[in-house]
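Just one chain follows, in the form predicted on its own, and it is written as structure tokens.
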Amino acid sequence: MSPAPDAQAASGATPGLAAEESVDLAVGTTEVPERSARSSGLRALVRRNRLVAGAGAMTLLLLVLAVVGGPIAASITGHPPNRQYDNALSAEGVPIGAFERTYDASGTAHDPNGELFVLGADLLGRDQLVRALYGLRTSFTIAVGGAILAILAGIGLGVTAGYFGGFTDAVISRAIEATLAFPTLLLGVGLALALGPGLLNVILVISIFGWYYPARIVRSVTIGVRNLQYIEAATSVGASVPRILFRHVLPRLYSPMLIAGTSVVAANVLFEAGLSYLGLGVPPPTATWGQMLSDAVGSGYYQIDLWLAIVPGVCLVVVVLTLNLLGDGLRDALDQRDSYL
């Protein structure tokens, strides 16, 4: 038996608001077990799969090295990243290799009391170790910055397409398909040429060609959430569209965006290295792995000293492999396997 209108008025309750709060409460009771299950799944995955745990620990280590690794290495070795050491080059201009000391005055023999270069020097006599660590900072700055912009744009467009549907969905979906049809690197090179080299320009170029992947995922998740009963219940009691989106839809995007973010950052690291290799990334003397690799290959000195190419190449492999392993582990832990692809 429903309460009398006077009793409702006396209590100060609004029927529509009370119904909406009951919907929110019902949603909360279903989301708490999901979060608990995901946390339990993550702990179980870490215990079961040491490779994933190692990838997570390696990612944290890389982030720490990106922030403080370069300055610490420069302080310990006494080699600033852009300082050129003439005695690190032989009389013929060949840089010293890994774990070698600088040349003497003649430039033909190593000085036993000379400075030690752990990973050797580059073609200008700069410390490879220090520049590789500063290159890690550059790569992460560009990759993470581009990923944030791309994910924000992808969330906005994906939620708009998935929730409203109809003509809006058709336009955004065709834009995603058109973007997928174009060669990303080729268009990125053209846009980078038009904008010119620079840190902010590279971040902008990468984000422009990275939004469609998050948008496709967000659209798929939003369509699935939009058809759930509690969304229909919230709509029927008068909940506004912004309230539904921020209260019920966007929280559901946390897991898929966390997983997609690792893949986007890994792809951005390679994208930035490709632009830098072509001379379209961050201009010198800023250290970038792509530029280091380009200098080694373009000059041909990598045939004499493989460390010139091995150092930036291995750095790229380690970072991309670590992020991809982390993304795969998070997908398993959050139990989102292929549900939004």
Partner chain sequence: MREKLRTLIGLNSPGRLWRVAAALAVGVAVVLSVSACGSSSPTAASGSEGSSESIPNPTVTIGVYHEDLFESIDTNLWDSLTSVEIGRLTCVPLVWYPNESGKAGEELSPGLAEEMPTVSSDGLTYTFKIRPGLEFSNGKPLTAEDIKYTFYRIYKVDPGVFLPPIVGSQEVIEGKANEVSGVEAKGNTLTIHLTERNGAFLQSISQAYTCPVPRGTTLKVDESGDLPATGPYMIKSYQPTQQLVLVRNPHFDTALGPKGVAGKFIFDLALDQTQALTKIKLGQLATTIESLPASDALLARNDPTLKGHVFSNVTSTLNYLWMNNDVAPFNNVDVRKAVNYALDRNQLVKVSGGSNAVESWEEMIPPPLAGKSKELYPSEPELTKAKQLMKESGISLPVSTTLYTPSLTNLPLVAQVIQQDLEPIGIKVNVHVASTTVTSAYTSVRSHHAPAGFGAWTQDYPDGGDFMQLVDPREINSDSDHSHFNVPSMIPKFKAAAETSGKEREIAYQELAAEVQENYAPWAPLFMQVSTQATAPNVTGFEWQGAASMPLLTSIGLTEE
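Positions refer to the first chain, counted from 1. These numbers were taken from a predicted model, which means no experiment stands behind them.
One more form of this protein should be noted, the form predicted together with its partner chain, which is absent from this view; the next part is about it.
- Just one of 171, 109, 200, 91 comes within 4.5 Å of its partner chain in the model of the complex, counting any heavy atom, and that one is 91.
- Using a 4.5 angstroms threshold between heavy atoms, residue 306 counts as touching its partner chain in the model of the complex.
- In the model of the complex, its partner chain sits within 4.5 Å of a heavy atom belonging to residue 279.
- Contact check for residue 123: a non-hydrogen atom falls within 4.5 Å of its partner chain in the model of the complex.
- Residue contact check for residue 84: one or more of its heavy atoms lie within 4.5 Å of its partner chain in the model of the complex.
- The stretch from 216 to 224, 76 to 84, 173 to 181, 258 to 266 that comes within 4.5 Å of its partner chain in the model of the complex, counting heavy atoms only, is 76 to 84.
- Residues 283, 284, 285, 295, 299, 300, 301, 302, 303, 304, 306, 309, 310, 314 are the members of 280 to 316 with a non-hydrogen atom no more than 4.5 angstroms from its partner chain in the model of the complex.
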